[in-house]
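Single chain ahead, written as structure tokens, the form predicted on its own.
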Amino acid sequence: MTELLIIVAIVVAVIAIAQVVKIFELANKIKGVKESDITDKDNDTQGKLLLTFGILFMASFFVMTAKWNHLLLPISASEHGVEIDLLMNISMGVIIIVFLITQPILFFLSYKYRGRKDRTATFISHNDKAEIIWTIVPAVVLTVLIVYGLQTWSKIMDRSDLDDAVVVELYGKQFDWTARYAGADNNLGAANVRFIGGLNTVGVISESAYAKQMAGLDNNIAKAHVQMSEELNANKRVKIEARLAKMESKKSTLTALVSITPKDLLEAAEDDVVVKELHLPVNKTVHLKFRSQDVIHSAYLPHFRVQMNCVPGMNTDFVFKPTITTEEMRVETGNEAFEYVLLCNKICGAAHYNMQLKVIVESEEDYNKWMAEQSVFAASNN
């Protein structure tokens, strides 16, 4: 109801303003004043209004900065995030400095040189010195920023030291996240969306998962054959035959995927850990790998300055090192309820807002204790 009243009020206000404008137009016609006639008084009024707007505009910048600057993200909780923040601060610093120089000059000169009948405009075709300055200076500044940005990005994306990294896969689908840890061998098993079935929600390819899914399919196929032999309705028999064909096709797909998967990856998958909560050890390199089941998602860890697209049929990854535990960040932010969170930063459907996963950064000791309490993938297939 409140929204409706606001809309009605806005419509009424627009109509009222339109009527006032019409009244002014009629008054000018009665006085014999043409709309195209502009007097010194008009220019003076418009110049003062523009200068007033400029002053209020600049003042609003400082007011908004003071009022809402605290809503920005807290300090970076990752090693590379410090460099990202520095790059951001330098870029924004340059932008703000240029803004604070150019905008006051723009509004002041617009007021100072407002139109007057006794003032003649000076036409200047070009000025080589001015053009060189306003071309070279921005070009140099932008070149420095771009080169610095490329160097920072190259350093962040370095993959030269991953021997001791914690390997975790983040699997996105409409509308949630699942984390899969590499387990004791620190080697993720293979996975494929066509291997999804039952409790195997991320399509991990392993011999135990293959055996369990094949047993389930064989059981369902046997039941379908019994139904087929007892069903007299022709239409229902057609539906059962279609279901049988799908199950036989599924068996062929599973067999083909297992046959082309290297033996070491089949074995590596058995100790993978699939969970719905992301735990990370502090001050230890984390190698995140990303997959998507359906549409493009974007894994976004804002407090760690991490973002990477999850693309169906493609594997992407990102490497970073958390530097602040959840408990330490609660103290830093003064918020006892603070939690790190994994979000989806691509609008992926109606329930996009639901794609959140709790992230806990803790000591390596606590992390190892938590990992020891988790069930490995093979256990879910027994």
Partner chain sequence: MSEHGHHEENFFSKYVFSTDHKMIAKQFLITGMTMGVIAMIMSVLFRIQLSNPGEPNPLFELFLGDWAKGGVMDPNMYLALVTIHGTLMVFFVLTAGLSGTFSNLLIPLQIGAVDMASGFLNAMSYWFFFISSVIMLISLGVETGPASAGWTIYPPLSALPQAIPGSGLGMTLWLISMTLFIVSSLLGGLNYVVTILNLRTKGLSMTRLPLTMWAFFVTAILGILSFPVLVSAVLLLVFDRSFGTSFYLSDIMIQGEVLSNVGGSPVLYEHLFWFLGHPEVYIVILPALGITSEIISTNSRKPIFGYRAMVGSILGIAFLSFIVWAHHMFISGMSPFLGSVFTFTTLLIAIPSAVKAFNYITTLWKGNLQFTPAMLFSIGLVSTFITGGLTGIVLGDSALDINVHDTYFVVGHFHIVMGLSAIFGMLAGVYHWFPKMYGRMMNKKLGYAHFWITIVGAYGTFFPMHYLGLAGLPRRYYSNSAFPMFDNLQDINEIVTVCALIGAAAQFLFLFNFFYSIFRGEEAVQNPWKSNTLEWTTPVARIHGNWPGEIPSVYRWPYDYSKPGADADFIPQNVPLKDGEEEH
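Positions refer to the first chain, counted from 1. If you're wondering where the values come from, they're calculated on a predicted model, not measured in any experiment. Here, rigid core means the biggest group of C-alpha atoms that superpose within 1.5 Å across both forms.
The next section is about a form of this same protein that is not shown, the form predicted in complex with the partner chain.
Visitor: Work out which of the listed stretches, 178-186, 207-215, 143-151, 271-279, brings a heavy atom within 4.5 angstroms of the partner chain in the predicted bound form.
Guide: Contact criterion met by 143-151 only.
Visitor: Check for me: heavy atom within 4.5 Å of the partner chain in the predicted bound form, for each of Ser249, Arg330 and Ala372, yes or no.
Guide: Zero of three within 4.5 Å in the predicted bound form.
Visitor: Look up in the predicted bound form whether Ser298 has a non-hydrogen atom within 4.5 angstroms of the partner chain, and give yes or no.
Guide: So Ser298 counts as contacting the partner chain.
Visitor: Do Ile95 and the partner chain come within 4.5 Å of each other in the predicted bound form, heavy atoms counted?
Guide: Yes, Ile95 sits close enough to the partner chain in the predicted bound form that at least one of its heavy atoms falls within 4.5 Å.
Visitor: Is there a heavy atom of Ile124 lying 4.5 Å or less from a heavy atom of the partner chain in the predicted bound form?
Guide: Within the cut-off, so yes.
Visitor: Considering non-hydrogen atoms and a 4.5 Å limit, does the partner chain approach Asp264 in the predicted bound form?
Guide: Contact check for Asp264: no, nothing within 4.5 Å of the partner chain in the predicted bound form.
Visitor: If the cut-off is 4.5 angstroms on heavy atoms, which of these, Ala242, Leu232, Ala222, Leu72, is the one near the partner chain in the predicted bound form?
Guide: Only one listed residue qualifies here, and that residue is Leu72.
Visitor: Scan Ile84, Leu254, Val166, Ala190 and let me know which has any heavy atom within 4.5 Å of the partner chain in the predicted bound form.
Guide: Exactly one listed residue reaches within 4.5 Å, namely Ile84.
Visitor: Can you tell me which residues in 9-25 come within 4.5 angstroms of the partner chain in the predicted bound form, by heavy atoms?
Guide: Going through 9-25 in order - heavy atoms within 4.5 Å of the partner chain in the predicted bound form - the hits are Val14, Ile17, Ala18, Val21, Lys22, Phe24, Glu25.
Visitor: For Ala372, state whether the C-alpha moves by 2 Å or more between the shown form and the other one after rigid core superposition.
Guide: No, the C-alpha moves less than 2 Å.
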